[in-house]
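The chain below stands alone and is given in structure tokens; this is the form predicted alone.
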């Protein structure tokens, strides 16, 4: 079959890849001039890369890791020491670590928690461990049921001391969905904790050795096109054209720079758009359907990503860091963590500002000034003197609607990849799959969509063969 896919983010490209593996011909249509969607990256006039977000690959990402293997690019993942590093706000410039020993799960996670005495007391560790028992014993079913509570509410329900939330889970919540524990669904954090506790290397982290656009998305495009598929940039979809029965007749592509609009036709159609633009694009006849109305319960969360280049090294830590700042979420010195961005003499910090709802409409200068004030606390040895580190340049990337905001009750609004429209499917990390809003969720959703399309085609072929066999002999 020929399959038209709207969107060249990870979900759309993964869907196209797995469709080619099943013998189909995908045509991927991307409205922008860059691949990757929420993992897009650009080069500035100096040749330096800046990205939509700080992208971390976890050991608990089996579908993503399998994709790297299938593309034969596993060597592009730079695995870091198995640890989690948190800033210590009470003692600026110092860090607290959760080091995971080379032991089976969940023993390695338990040891990592028990050995850290900077952030939690022994009674707090014990109370937290007891609180986790239902999630560990009852697994994903229990985790899904806890979507009715925020993580703050879940911690109280389990009698976990409030300081556990303050010390550890504000940082973790902001890293997972760019919001605080009193807003985030407990399903999100419990899903991550379950993966980290059940898999030996689940919480181990890797950075890509360069920009996601070049080092991950382009190999996907090469794989697709070498097998007869097509990926087109600068191809914004203006409208979903419908047949009289409500099925899709084609994608109308808006002509750019004076060009004529173009209709792309296929056997099957896929939206790999984020949920917010998809809701705007829905044809009027579909809007009253319960399946599509449920999308109104999903909305992207704002997030801001910053890149700051300095005239010196601020840190030699080659890892992700949890800032524990009220303004910032996670950050990394990409000159240490990423091969292509390496610089032995200068730092390039990539930082995530979250929650970003109060900052998304502020100017870049205001955002950078507030971030620099936080950096003075994170790196006191490099700021506040006559010989302070100098900011050489910066990029601020705002995403007003990023991954869906995973507040309590969102699970019921997440749609399946199969829609009521016979030749129209959805893919994207907001669709229902176990890894929630993440790169892993995007890749898994693309795989699930491709499998659903392949199953539908196989059923159609077998139905046609049955009809031929049952037809009377002339």
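Positions refer to the first chain, counted from 1. From a predicted model like this one, the values you see are computed outputs, not experimental measurements.
Beyond what is shown, the protein has a form predicted together with a small molecule; the following relates to that form.
> Tell me, out of 274, 181, 109, 229, which residue has a non-hydrogen atom within 4.5 angstroms of the small molecule in the model of the complex.
Exactly one residue meets the criterion: 274.
> In the model of the complex, which of the listed residues (65, 418, 27, 39) lies with a heavy atom within 4.5 Å of the small molecule?
It is 39.
> Which single stretch, out of 66-74, 41-49, 409-417, 428-436, brings residue heavy atoms within 4.5 Å of the small molecule in the model of the complex?
Checking each option against the 4.5 Å cut-off leaves 428-436.
> Is there a heavy atom of residue 235 no more than 4.5 Å from a heavy atom of the small molecule in the model of the complex?
Looking in the model of the complex, residue contacts with the small molecule include residue 235, since a heavy atom lies within 4.5 Å.
> Using 4.5 Å between non-hydrogen atoms, is residue 60 touching the small molecule in the model of the complex?
No, no contact at 4.5 Å.
> Contact between residue 15 and the small molecule in the model of the complex at 4.5 Å, heavy atoms?
So residue 15 does not count as contacting the small molecule.
> Can you tell me whether residue 402 touches the small molecule? I mean in the model of the complex, with a 4.5 angstroms heavy atom cut-off.
Yes, contact at 4.5 Å.
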